[in-house]
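One chain comes next, on its own, written as structure tokens: the form predicted on its own.
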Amino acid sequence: MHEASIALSLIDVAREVLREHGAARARAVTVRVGQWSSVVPEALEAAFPACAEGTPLEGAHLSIVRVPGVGECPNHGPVELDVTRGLRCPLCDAPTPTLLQGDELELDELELT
């Protein structure tokens, strides 16, 4: 479960934001997780509370925004990909090697107290 190390990294980033803004604690954290990021959102949600213990994020609510994968089809332009089909256009089955979105893992919002 590499999501625990991801949660620790997100907490480090959030702590830096707290320091930059002179805030002591965060009430809520929003993270954007792409469908193609190799992160299991449920595992991240499970790991976050334990990882946040003893930090300024202890007790903070974690919200995860799931970002669908979008590839660039040579025939149809941007298309939403089906992870079970791989990097192929769902309309014509052409390879879509360029992923336009869906691989992100980023701290989106931090609600300070």
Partner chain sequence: MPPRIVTVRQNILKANDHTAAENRAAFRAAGVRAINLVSSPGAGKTALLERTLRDLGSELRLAVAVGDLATENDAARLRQWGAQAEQIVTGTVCHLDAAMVQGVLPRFDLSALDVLLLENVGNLVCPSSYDLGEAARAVLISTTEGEDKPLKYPTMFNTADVVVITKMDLADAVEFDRALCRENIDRARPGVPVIELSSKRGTGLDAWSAFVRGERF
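Remember, predicted model here, so these are calculated numbers, not experimental data. Residue numbers count along the first chain shown, from 1.
Separately, the form predicted together with the partner chain exists; it is not shown, and the next lines address it.
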Task: Distance check, residue 54 to the partner chain in the predicted complex, heavy atom within 4.5 Å - done: no
Task: residue 63, heavy atom within 4.5 angstroms of the partner chain in the predicted complex - done: no
Open item on the list: With a cut-off of 4.5 Å between heavy atoms, is residue 43 one of the residues that contacts the partner chain in the predicted complex?
Closed with: no
Open item on the list: Taking any heavy atom pair closer than or equal to 4.5 Å as contact, tell me whether residue 105 reaches the partner chain in the predicted complex.
Closed with: yes
- [ ] Can you tell me which bits of 64-88 touch the partner chain in the predicted complex, meaning any heavy atom within 4.5 Å?
- [x] 83, 84, 85, 86, 87, 88
